[in-house]
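Given as structure tokens, the chain that follows is alone and in the form predicted alone.
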């Protein structure tokens, strides 16, 4: 027993240190509440890593500190220590055991990834579009309307089919744990099964430009009845043909429209682009030193050829260069769906005129 005394003491100290470190991790590395089915296996994987990190740190530090204090050489001992060539069993052990552990975590991670990405019964599709610096969501199975907030039913798997209009963005709701990039010209998918009703914040987790930190959206998870009531209300919204130009202009400014809200405020607050408050009729100084009156032709040019006349204090190439194509495509869609010709730029101008 005396022979194994140091081993027993070290084992007890390692166990105590591991438990203490794991408790500390639960405080300093605390995760937000888990609110999706996918969070359960992910949190289990996190927990396994935390225990392993706590154990390995404790094993190294306890053995080092124990040896430092218990086996330190007395001050009057100038003799050489014993020569130790090595221990073949120990060397084989500390090669095989870590290899098995790493492979085990790899298999565990692969199983978890397959579990959270595989198709589930009764899935619902939501189309997600990211652009600098707004999110928009479309519901093809509920009437194909668009929304600037993501509204989901609880306890149902949602398939997010995502794409980006300009640069790479990243969809991330911490409470759901899962995260996925949105890539221009390519559709990526993400599955979420919300398990808790409530309101959450969607963030872009990829630095995507000047207003990256403001690229947020509200995620609301409702029970089945609440979700259906929301869908019915969205579908009951007036058709474009029944809206005034000013109302349509407000819609095009929003995230579910053309996303102008990402750069142009309505309350005078500075942004990536000039505020629309009091814009119409104002004299604007340009980067080339000239001035221009903000009227219909100037606004039209600023939309279809945004680099033609840059307002002083603002940068070129931030506004999408393909708005002319986007607007033409939207007008064709509305004409085909409602049989009415809409002039989106005229709608925007009408809306801007109301913002005195």
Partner chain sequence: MFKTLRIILTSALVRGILGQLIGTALGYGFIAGLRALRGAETPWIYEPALAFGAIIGVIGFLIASGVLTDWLKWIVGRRTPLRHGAPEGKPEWSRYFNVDYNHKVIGIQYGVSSLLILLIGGIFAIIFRIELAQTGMQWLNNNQFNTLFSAHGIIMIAAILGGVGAMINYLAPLMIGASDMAFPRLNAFSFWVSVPAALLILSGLAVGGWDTGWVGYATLSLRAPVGMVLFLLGFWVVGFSSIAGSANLLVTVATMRAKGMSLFRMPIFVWAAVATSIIQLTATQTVGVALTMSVAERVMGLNFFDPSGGGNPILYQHLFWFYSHPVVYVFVLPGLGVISELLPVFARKPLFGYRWVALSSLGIALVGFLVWAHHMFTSGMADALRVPFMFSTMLVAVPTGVKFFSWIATIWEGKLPKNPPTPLLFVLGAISVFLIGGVTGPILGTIPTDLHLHDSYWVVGHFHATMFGGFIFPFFGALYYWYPKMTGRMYNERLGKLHFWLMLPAFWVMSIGQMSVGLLGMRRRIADYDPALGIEGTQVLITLAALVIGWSVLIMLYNLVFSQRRQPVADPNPWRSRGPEWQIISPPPEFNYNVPFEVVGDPYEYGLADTTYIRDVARASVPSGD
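What you see is a predicted model; the values in this text were computed from it and never measured. Positions refer to the first chain, counted from 1.
Omitted here: the form predicted in complex with its partner chain. The next part is about that form.
**Student:** Have a look at 143-151, 110-118, 229-237, 246-254 and name the one stretch with heavy atoms inside 4.5 Å of its partner chain in the model of the complex.
**Tutor:** Answer to the contact question: 110-118.
**Student:** So, residue 283 and its partner chain: in the model of the complex, are they within 4.5 Å at any heavy atom pair?
**Tutor:** Close contact is absent here: in the model of the complex, residue 283 is far from its partner chain, nothing within 4.5 Å, heavy atoms only.
**Student:** Is residue 241 close enough to touch its partner chain in the model of the complex, meaning at least one heavy atom pair within 4.5 Å?
**Tutor:** Output for residue 241 is no: heavy atoms all beyond 4.5 Å of its partner chain.
**Student:** Please check if residue 37 has a heavy atom lying within 4.5 Å of any heavy atom of its partner chain in the model of the complex.
**Tutor:** Close contact is absent here: in the model of the complex, residue 37 is far from its partner chain, nothing within 4.5 Å, heavy atoms only.
**Student:** Check whether residue 166 has any heavy atom within 4.5 Å of a heavy atom of its partner chain in the model of the complex, and answer yes or no.
**Tutor:** Contact with its partner chain, yes.
**Student:** When its partner chain is placed as it is in the model of the complex, are 56, 71 and 320 each within 4.5 Å of it, taking any non-hydrogen atom of the residue?
**Tutor:** All of them do, each having a heavy atom within 4.5 Å of the partner.
**Student:** Tell me, which of 159, 178, 138, 266 has a heavy atom within 4.5 angstroms of its partner chain in the model of the complex?
**Tutor:** Among 159, 178, 138, 266, a heavy atom within 4.5 Å of its partner chain in the model of the complex occurs only for 178.
**Student:** I need to confirm a contact call. Of 124, 197, 205, 279, which residue comes within 4.5 Å of its partner chain in the model of the complex, counting heavy atoms only?
**Tutor:** Partner contact (heavy atom, 4.5 Å) among the options: 205.
**Student:** Which residues in 38-66 have a heavy atom within 4.5 Å of its partner chain in the model of the complex?
**Tutor:** Those in contact are 42, 45, 46, 49, 50, 52, 53, 56, 57, 59, 60, 61, 63, 64, 66.
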